[in-house]
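Next comes just one chain, in structure tokens: the form predicted alone.
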Amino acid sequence: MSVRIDGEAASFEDAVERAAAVLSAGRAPVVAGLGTDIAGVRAALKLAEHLRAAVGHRAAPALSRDLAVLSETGILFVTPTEAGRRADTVLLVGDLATRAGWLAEVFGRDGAPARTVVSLGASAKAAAAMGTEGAPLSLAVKGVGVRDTLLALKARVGGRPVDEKRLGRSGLRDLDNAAKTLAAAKYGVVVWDAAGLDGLSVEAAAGLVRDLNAAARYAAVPFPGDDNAAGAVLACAWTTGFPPPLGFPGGIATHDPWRFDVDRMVASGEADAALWISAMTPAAPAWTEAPPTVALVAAGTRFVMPPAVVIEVRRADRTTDAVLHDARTNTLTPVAAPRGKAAADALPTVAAVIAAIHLRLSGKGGASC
């Protein structure tokens, strides 16, 4: 196990003691990253309540855009597995190049129905991942971005007028052709990743799903986020009543996307201590300046700003015993390590390390992994 204090090798017990000192000294601490399994998220929330800290997932900006639309106007979801099995028409919204592997897993499987793919700003890599024969129908209006094209498409699906002068005759014709193609679906889905879209685009995509349901059967398939983001949202919601970002001012859970934006708090100097958790991928925070930080990370993580304490933890993925969000079924799923793997992995889990820190903070005794 790699354990370091100020860059020097240290014992686990000393690291836990130093971590407790760093976090307890903060008047406005943050718990960030949150890339861990459900047990790790629950432990982090319990510690954050003790510290009265802000809590945020590293996918929080994208999460907030989807959640804002969900809470304000609603989103008609379907599981990715259901979409892959049944959808005969798919609208891809936004670039989605970094999600090509996920798209291939969901839509490119054997036995999938023949389907029509409409690309609204999707990269060639994303479109190819769909596994369909022939090129997708590309909807790209010259001089008009993805957001405005999506809004115009939504208008045409609803039979409403658009700015023909801006779109041009060819642009309007392409919009109407795309609208007819989408409306002809027996089972259609609209796919997006909020990480590459602004809030209005997400709202328009969700609204388009509702409008298309007037004449056909449609549902939304938003990307669920990296590093168990959807699982973290669920765990935060059932534990506190709120999704991240959230905080515990006065020891009471409160949701405020601006106030508890951990990146903003760090950048402004408001945060004076941080717990960074990234057990699913070796990801370091992108902060250029950071308060004293305790990092619980997977092997191979490289830091721009060396943390005060680094404790290498067991990876939270499908090779270990864990409960994780399954992006294919949109459910929480227990996974078990291959026989002998868990016993051979001597690294502590995120939940175990946080429990040891919490124990030291509570003054109930020494730390133990």
Partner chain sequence: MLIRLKDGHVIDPAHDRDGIDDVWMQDGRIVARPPRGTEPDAVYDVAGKIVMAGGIDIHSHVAGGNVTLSRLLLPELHEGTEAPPDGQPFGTARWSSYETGRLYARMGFTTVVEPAVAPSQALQAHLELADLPILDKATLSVLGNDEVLLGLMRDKAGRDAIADYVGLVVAKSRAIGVKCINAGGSAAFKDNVRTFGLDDVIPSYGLSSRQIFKALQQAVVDLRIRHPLHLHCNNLGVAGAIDTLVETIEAADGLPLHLAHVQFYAYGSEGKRGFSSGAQQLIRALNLNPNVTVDVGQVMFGQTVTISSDSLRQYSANALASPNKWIVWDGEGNGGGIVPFHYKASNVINALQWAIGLEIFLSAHDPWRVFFTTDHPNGAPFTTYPKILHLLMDRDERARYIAGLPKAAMALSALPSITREFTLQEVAIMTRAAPARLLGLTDRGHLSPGAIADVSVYTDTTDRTAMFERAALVFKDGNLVVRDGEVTEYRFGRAETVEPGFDKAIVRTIDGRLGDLYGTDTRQFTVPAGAIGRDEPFRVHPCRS
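Basically, rigid core = biggest C-alpha set you can superpose within 1.5 Å across the two forms. Small disclaimer: the values here were computed from a predicted structure and weren't measured. Numbering follows the first chain given and starts at 1.
One more form of this protein, predicted together with the partner chain, exists but is not displayed; see below.
- Note on the interface: of 117-125, 273-281, 252-260, 141-149, the segment with non-hydrogen atoms within 4.5 angstroms of the partner chain in the predicted complex is 252-260.
- Contact check at 4.5 Å (heavy atoms) against the partner chain in the predicted complex: none of Ala267, Ala298 and Val309 pass.
- Only one of the listed residues (Thr132, Thr81, Thr98, Thr181) places a non-hydrogen atom within 4.5 angstroms of the partner chain in the predicted complex, and that residue is Thr81.
- A residue is said to contact a partner when one of its heavy atoms sits within 4.5 Å of a partner heavy atom; Leu45 meets this definition for the partner chain in the predicted complex.
- The closest heavy atom approach of Phe248 to the partner chain in the predicted complex falls within 4.5 Å.
- At a distance threshold of 4.5 angstroms between non-hydrogen atoms, Ala60 is out of contact with the partner chain in the predicted complex.
- Taking the partner from the other structure, the partner chain in the predicted complex has no heavy atom within 4.5 Å of any heavy atom of Asp317.
- Shown without its partner, the chain has Leu67, Leu70, Ser71, Glu72, Thr73, Gly74, Ile75, Leu76, Phe77, Val78, Thr79, Thr81, Glu82, Arg85, Arg86 in segment 51-86 as residues with a non-hydrogen atom within 4.5 angstroms of the partner chain in the predicted complex.
- The Cα position of Thr301 differs by less than 2 Å between the shown form and the other one after fitting on the rigid core.
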